[in-house]
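A single chain, nothing else alongside it, follows as structure tokens in the form predicted on its own.
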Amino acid sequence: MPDRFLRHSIKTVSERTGLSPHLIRAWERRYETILPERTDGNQRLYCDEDIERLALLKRATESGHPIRTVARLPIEELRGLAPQLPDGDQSVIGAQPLQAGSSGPRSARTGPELVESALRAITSMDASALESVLEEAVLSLGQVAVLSHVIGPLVQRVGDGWQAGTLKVGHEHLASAVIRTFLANAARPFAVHASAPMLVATTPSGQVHEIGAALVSAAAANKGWRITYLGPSLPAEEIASAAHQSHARAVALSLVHPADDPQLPEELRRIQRLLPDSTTLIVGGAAVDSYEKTLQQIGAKVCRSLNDFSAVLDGLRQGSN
């Protein structure tokens, strides 16, 4: 039986359940899955029953049950829902066998399947369903892969749908809010060293679609960069000021819409002129091709994918760019 009195750190709980510390905290905050005790220093402490409950929730969500529907079920019901562990795996205390007639675990869905599910949630204006898909994606793919295989393609599909008229402004706002919060919560659970390079991420004046900037912020954080995220649509002076004050190694801009802003080329030139000589300007997003001539003239690093962005960051950190 679980020991209700033995206490464990969140690191231990993460190791024993396979859940990241971020996801454990997110489930607590959003769904009140468990209520851990706190030390005088506000550190979480978990008992064995908490660990069993979290592990059962992980297995239930992996078998297809949305976390929002199972988060507060009694532990006896969770034992009935969760699929049986493979033979010899007794990592969950008190794990129970499958009930008669219950199905085994559902195969993990691929990135494209998860993107389609996320789009259905956005189309239905179902924020909770979108959150569940993103949480499933993290469990299936991990925090790094989910950026390039789910969120990156999803951002592109939402942008395409908005411009084609198949998605409305409300759909995009819902997607932006959920994805932005998800990316903020997915930041590294431990502090980046003070000597790590700094990245400033934003969109230039007139570019109000911010998911791309939030996405590259999360990608850079996962690569060990410190991040200053400024939100959307900032004038050149504000962007340059933030770069100077933070001693940024790079500034990342996202260009999505409009793709024919007559003011933007000069704004991009102003940003480049005002940045410190030691700061590299990185530009990506769906509209980069429309401003390619200007970007080439000012010497910006153009990224058309997260892989491109990752390669530029690696080059900067190694001093080759």
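Superpose the two forms; the largest set of C-alphas matching within 1.5 Å is the rigid core. Keep in mind that what you see is a predicted model, and the values were worked out from it rather than measured. Each residue number is its position in the shown sequence, starting from 1.
Beyond the structure shown, there is the form predicted in complex with the DNA, which is absent from this document and is the topic of what follows.
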query: Would Ala287 count as touching the DNA in the predicted bound form under a 4.5 Å heavy atom rule?
result: no
Contact flag, Pro66 vs the DNA in the predicted bound form, heavy atom cut 4.5 Å: yes
- prompt: Hey, in the predicted bound form, is Trp27 touching the DNA, heavy atoms inside 4.5 Å?
  reply: yes
message: Please tell me whether any heavy atom belonging to Arg304 falls inside 4.5 Å of a heavy atom of the DNA, as the geometry stands in the predicted bound form.
response: no
- line: Picking from Thr39, Gln296, Gln263, Ser278, the single residue whose non-hydrogen atoms come within 4.5 angstroms of the DNA in the predicted bound form is Thr39
- request: Given the DNA in the predicted bound form, answer whether the residues Lys11, Ser20 and Arg44 all have a heavy atom inside 4.5 Å of it.
  value: yes
Region of this chain that lies against the DNA in the predicted bound form, out of 250-258, 278-286, 263-271, 29-37 [heavy atom, 4.5 Å]: 29-37
- prompt: Does superposing the core leave Glu28 with a CA shift of 2 Å or more between the shown form and the other one?
  reply: yes
message: With both forms fitted on the core, check whether the Cα of Asp260 differs by 2 Å or more between the shown form and the other one.
response: no
- prompt: Is there a C-alpha shift of 2 Å or more at Arg38 between the shown form and the other one once the rigid core is superposed?
  reply: yes
- request: Pin down for me whether the Leu23-Val216 Cα distance shrinks or grows in the predicted bound form relative to this form (closer or farther, change of 3 Å or more).
  value: farther
- line: Distance flag for Ile179 and Arg44 (Cα, change 3 Å or more) in the predicted bound form: the two residues are farther
